[in-house]
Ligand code: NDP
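What follows is a single chain, given as structure tokens, in the form predicted alone.
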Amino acid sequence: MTQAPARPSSGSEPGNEAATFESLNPATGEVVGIFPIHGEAEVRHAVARARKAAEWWSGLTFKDRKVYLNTWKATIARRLPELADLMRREMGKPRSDAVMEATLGIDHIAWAANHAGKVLGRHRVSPGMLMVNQAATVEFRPLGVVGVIGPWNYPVFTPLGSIAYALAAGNAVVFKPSEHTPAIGEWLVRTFSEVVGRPVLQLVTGQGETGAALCRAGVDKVAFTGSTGTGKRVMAACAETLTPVVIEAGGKDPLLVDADADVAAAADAALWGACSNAGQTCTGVERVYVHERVYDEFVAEITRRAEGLSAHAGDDSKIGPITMESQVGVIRRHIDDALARGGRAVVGGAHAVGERFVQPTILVDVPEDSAAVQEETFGPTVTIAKVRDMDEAVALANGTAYGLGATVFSKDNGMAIAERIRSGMTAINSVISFAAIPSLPFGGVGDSGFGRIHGPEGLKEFTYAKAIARQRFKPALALTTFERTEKADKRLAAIVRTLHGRG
């Protein structure tokens, strides 16, 4: 996903302590709010306050934190219409999409709060035969302060996938929302503060320099969601202080349609996966590979469905504006390149790209090495290619540097196909469903990043493992002493041969 700076307010400069920037409604250009550009000193101060708050927060029991987080969850749920309206104004997505996104975020808060104790709490592990006199335990302790750099395309759901899990694990969090959606970030932090009353979750706002300052401010880990290019810059900044990172970067997700698939369902999923949120979804469907036996039927079905969709500023529009003005140029370039290289637009095309809105565009016969197939488009477009079989489909699906999500439609072979796709997540006979399941880890491979949010893995991402061995009784064979005899060494060798010598 691509990011660009929001517009600085008139008369302010980034180096000025009083500098501000405007958050704009992407559908109308109207100002939603004015926010400070926090510099290095302000960010370091926020981290210092979070460090102090973390001492209190990490000292609470899992049960205590669960109560706070579930109260926050309930607050968001009660004020859902307010949040959805703000999301529509600041990010541009239809209100129904905003409600769905927020509800998924609420569900993730609940899962993290209710499962943190079981996943992270101290538990016994086997010491093995050689150390049978020891009691061994492992627990997962909070890191301290986590910096979260959030995206604009899912300004509630995505950052909560890091924030809620980091908080449930016992960390304090300093949150830097996208410069395109600071009002939404401020809303989340304010509602949490109303519940907790301490600076456990704090907000810093600004553009790229503020994010870089957060990376260098002494946080114990950074969770970043954004483009692959920006992710590399985040890693470089974090490397200066050996700060670990979890990166959820871009995607070029494929959807595969086998010969035995429910074609109507596959077409519906492909269209929604490509065009919902105006195509501005890291795990959105950008490429479709269809078995030759059902290719014509699939293209006809998705064309019929797409022709009834349009993007406009009305309240009844199911597709919102392109949030970032600069992304319109990327979408236009990809469509133009695909058409110039022999591709055809069965819906939309070059004329579909407007100033603020892009109409659904379905491209066929596009070369695999074109920008529309290899680069993340992040717009309501999709390419469709005919394949001989699923072997070819899998090879093409794996043919980019990305590896975030994928989708397979097949009645009998879904699991076998899904296992062969190089991606962090795959949905079978549904689309992007893995993101809505709180117990599943979310993340990718390759240029799509590394590390995981959501699920047990997401909780552990914001902890370190603490191992403790406690001697219960003196060993029959003392190993950790200079008094160990030659006879003891022989006994040890005999035990090892008995336990491991029959491989």
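Counting begins at 1, following the sequence as shown. None of the values given here were measured: they were computed from a predicted structure.
Not on display, but discussed next: the form predicted together with this ligand.
Comparing 373 to 381, 352 to 360, 125 to 133, 267 to 275 against this ligand in the model of the complex, the single stretch with non-hydrogen atoms within 4.5 angstroms of it is 373 to 381. The shortest heavy atom separation between residue 233 and this ligand in the model of the complex is within 4.5 Å. For residue 170, no non-hydrogen atom is located within 4.5 Å of this ligand in the model of the complex, even though that partner is not displayed. Proximity of residue 176 to this ligand in the model of the complex: non-hydrogen atoms within 4.5 Å are present. Put simply, residue 151 is close to this ligand in the model of the complex: some heavy atom of it is within 4.5 Å. Shown without its partner, this chain lists 185, 92, 206, 161 as candidates; in the model of the complex, only 206 has a non-hydrogen atom within 4.5 angstroms of this ligand.
Proximity to this ligand in the model of the complex, defined as a heavy atom within 4.5 Å, singles out one entry of 254, 155, 226, 321, which is 226. Residue 250 is the only member of 250 to 268 with a non-hydrogen atom no more than 4.5 angstroms from this ligand in the model of the complex.
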